[in-house]
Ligand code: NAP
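Here we start with a single chain on its own, the form predicted on its own, put down as structure tokens.
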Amino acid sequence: MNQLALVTGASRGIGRGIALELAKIGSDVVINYSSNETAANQTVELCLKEAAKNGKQINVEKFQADISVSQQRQNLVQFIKNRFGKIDLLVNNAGVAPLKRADILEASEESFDRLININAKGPYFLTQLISNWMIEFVANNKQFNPKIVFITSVSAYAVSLNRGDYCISKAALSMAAKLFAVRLAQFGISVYEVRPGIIDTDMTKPAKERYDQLINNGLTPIRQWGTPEHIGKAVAAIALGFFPYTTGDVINVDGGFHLRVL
């Protein structure tokens, strides 16, 4: 039986990259999306093609849910219970950037609330829901080894004064990963934080020229942009069980941005 992975915010960008890499290793995937059904359908088709190219037969389903809304989170989990009866991997990827980059002395409460609700509160309580289900499943299936991944950002620790709300939301998510890692270890549920750097997605396109210059000037030791595929490969390694004696750790996928150099 294939593993089953739920990837939130998987219609495009990093979420799509993760879904594709999981499909390549033969994992069934639930593609969660909030509004872009066309993009979600494309991700489903691409996952099936990637699986077939790698000789895998998988099931891929899509499900619309805004994870910042309690009832929609519950609907998503109930769908997975009804359709698959289990979940092996939760990937908390869904997230948004500020609608407008604004200095922290001018930024609005509305923007702050939006980012906290989607980027931090939603994943936190979705993980709570799924963790309790995983605990029940582990009690009856001792060989079951579920995993949870939080996709955060270098913005969890790197200061951006024109998007403080985003930085705070990612810092909160980073702490959530640690909290759940400690709480769930006794049940054999491992938790990981994958921390992307500058990744080539729609979210980073508005700042492309600036990031191009920073990268060329040595912002990252590896002088190139990251891709959604890079993040996907890190998550696939987790799904394959390559870190069995590890929980709560940060896996940096940032071209070396986190390194301090004298």
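Please read these numbers as outputs of a predicted model, since none were measured by experiment. Residue numbers here begin at 1 and follow the sequence given.
The same protein also has a form predicted together with the ligand, omitted here; what follows describes it.
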Only one of 232-240, 45-53, 58-66, 212-220 has heavy atoms within 4.5 Å of the ligand in the predicted bound form; I'd like to know which.
58-66
Can all three of P146, F187 and D249 be found with a heavy atom no more than 4.5 Å from the ligand in the predicted bound form?
no
Answer with yes or no whether V30 is in contact with the ligand in the predicted bound form, where contact means some heavy atom within 4.5 Å.
no
Consider I118 of the chain shown here, and say whether it contacts the ligand in the predicted bound form, taking contact as heavy atoms within 4.5 Å.
yes
Do T127 and the ligand come within 4.5 Å of each other in the predicted bound form, heavy atoms counted?
no
Give a yes/no on whether A23 approaches the ligand to within 4.5 Å in the predicted bound form, heavy atoms considered.
no
At a 4.5 angstroms cut-off on non-hydrogen atoms, which residues of 1-26 are near the ligand in the predicted bound form? List them in order.
G9, A10, S11, R12, G13, I14, G15
